[in-house]
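To begin, one chain is listed below as structure tokens, in the form predicted alone.
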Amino acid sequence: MIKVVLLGAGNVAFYLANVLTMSKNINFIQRYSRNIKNDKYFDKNIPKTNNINNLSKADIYIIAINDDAISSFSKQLFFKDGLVVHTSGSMPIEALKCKAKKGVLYPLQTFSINHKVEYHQIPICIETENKKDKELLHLFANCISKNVYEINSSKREKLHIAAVFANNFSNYMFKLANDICDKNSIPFDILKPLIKETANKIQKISPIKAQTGPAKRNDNKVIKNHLSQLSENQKEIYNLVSKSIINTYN
């Protein structure tokens, strides 16, 4: 069995803790965190330490913390044995400053502690410095996901940008739609079937073929009418996105 130590206590760490606990081929021997406020969400049967010098000996050490803390945190890992990986989509493998072997284990999904996801469907992107470590990380990744991809730091950075557009920006659009509904006393639930169909449609056809709406039709009358009813922030976003759609299709 692959022995694993998990370092972190945020959303990604919570996801990993759950999937590590469920896997029959992984021995989740310890987790590290100085933060106690999220302890209630984690399995109490997994030994925990808040002292980085008391980490157990493992095959893989997973750093699941904020991107800007990875380098400074990994410098504190003085052991030379084992494979240390971070879970960031935007940080290169070189962000790890430890003495041990290095790698990346990037789960491409949006995580929230209070929301469950289908763990084994989540794409896992891996990267290592050598073939032997790649074999180990591939074996580990296959234990927690059916979708494993070898993606280097350069491509992973581009993938992360694409993920920001696909998830973070689209979710903010949902937020703006929710604001408009709230302001006009309209239940946001009315839009949920449309949101679901939008996501389902691109499982079957490409986004460029799935596009609809006034900007796709270059319907300036409707666009002007919409703009006249929006706040300045909403108007700026609506106008920018509409122009981009118009330029794409016309």
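Numbering starts at 1 and runs along the sequence shown. The structure presented is a predicted model; accordingly, all values stated were derived computationally and were not measured.
Form predicted in complex with a further copy of the same chain: not shown, discussed below.
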Exercise. Out of 178, 130, 72, 142, which one falls within 4.5 Å of a further copy of the same chain in the predicted bound form, going by heavy atoms?
Worked result: 178
For this session: Counting non-hydrogen atoms within 4.5 angstroms of a further copy of the same chain in the predicted bound form, say which of 136, 163, 98, 93 makes the cut.
Result: 163
Problem set entry | Residue stretch of 26-34, 39-47, 52-60, 196-204 approaching a further copy of the same chain in the predicted bound form, non-hydrogen atom distance within 4.5 Å | 196-204
For this session: Mark residue 79 yes when one of its heavy atoms lies within 4.5 Å of a heavy atom of a further copy of the same chain in the predicted bound form, and no otherwise.
Result: no
For this session: Flag residue 19 as yes or no: does it have a non-hydrogen atom within 4.5 angstroms of any non-hydrogen atom of a further copy of the same chain in the predicted bound form?
Result: no
Exercise. Would residue 248 count as touching a further copy of the same chain in the predicted bound form under a 4.5 Å heavy atom rule?
Worked result: yes
Exercise. Is residue 212 close to a further copy of the same chain in the predicted bound form, meaning a heavy atom pair under 4.5 Å apart or at it?
Worked result: yes
For this session: Using the arrangement in the predicted bound form, list in sequence order the residues of 224-250 with any heavy atom within 4.5 angstroms of a further copy of the same chain.
Result: 225, 226, 229, 230, 233, 234, 236, 237, 238, 240, 241, 242, 244, 245, 248
